[in-house]
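The chain that follows stands alone, in the form predicted alone, written as structure tokens.
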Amino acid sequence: MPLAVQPFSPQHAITVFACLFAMILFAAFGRRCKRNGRELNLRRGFAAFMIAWQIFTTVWWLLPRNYDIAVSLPLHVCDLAAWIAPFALLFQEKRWLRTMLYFWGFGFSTEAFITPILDHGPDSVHFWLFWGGHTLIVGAALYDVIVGGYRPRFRDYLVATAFSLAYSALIIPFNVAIGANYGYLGQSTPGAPTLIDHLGQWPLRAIWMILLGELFMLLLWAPWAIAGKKKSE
């Protein structure tokens, strides 16, 4: 059995620090490339890498030895965000893509760094897919803010809310039908300690998760609104 990274352990801290360092370093490199006119090529290369990563991840989970309908389908919010991310960077004019990358990337995918739901260590493909995938999502969101200049508006928050509620409305009955826990909105709880454990029994737990998701996204919009108001005074 591979040695898993236990939440809040030294190994966990080192792993998170390494991922965060990689994100910040890449964003800083992107700013440098923007100054010398090479940022577009960097962004395209980053997007291509993310697409290749997601294709590999999806195929790996669908292989017969790994496949389980309850966990292998790319239906978690982070799975969807991982596909949104490269296209948000490629098509900067599509603001809704950048909006979903921002709110789902920072709002939901960051939770994986705080309480990782993973029982495999560095000698397992699971480990690298988990940490690599979440680093790419949050890294892309950070890149779009620092290099791309994305700033959320209240209308963007409403767009993210609409998509999130639509996702919840579709995934909850799907979870019930097959006994899965996609989006962690199913009847079971994750196999590792998380905030979800303190939200009560299902279906009330699912309602609390949706409300907390809305709160997180609102908090992601609020600082920019406050900064914009102070700037206009």
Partner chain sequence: MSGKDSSLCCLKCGYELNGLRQCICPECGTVFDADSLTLQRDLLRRLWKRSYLPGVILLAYSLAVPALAFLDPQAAYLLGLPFVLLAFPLAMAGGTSSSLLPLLFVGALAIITLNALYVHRGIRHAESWIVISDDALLKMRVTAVVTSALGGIAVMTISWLMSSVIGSC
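Residue numbers count along the first chain shown, from 1. Model, not experiment: these values are computed from the prediction.
There is also a form predicted in complex with its partner chain; it is not shown, and the following applies to it.
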> Among 210, 23, 16, 220, which has at least one heavy atom within 4.5 Å of its partner chain in the predicted bound form?
Replying inline: 210
>> By the heavy atom within 4.5 Å rule, which residue out of 162, 125, 71, 117 makes contact with its partner chain in the predicted bound form?
In response: 162
>> Given the stretches 46-54, 25-33, 166-174, 63-71, which is the single one in contact with its partner chain in the predicted bound form, using a heavy atom cutoff of 4.5 Å?
In response: 166-174
> Is residue 204 close enough to its partner chain in the predicted bound form to count, meaning some heavy atom within 4.5 Å?
Replying inline: yes
> Taking the shortest heavy atom distance, is residue 151 within 4.5 Å of its partner chain in the predicted bound form?
Replying inline: no
> Might residue 158 be said to contact its partner chain in the predicted bound form, defining contact as any heavy atom within 4.5 Å?
Replying inline: yes
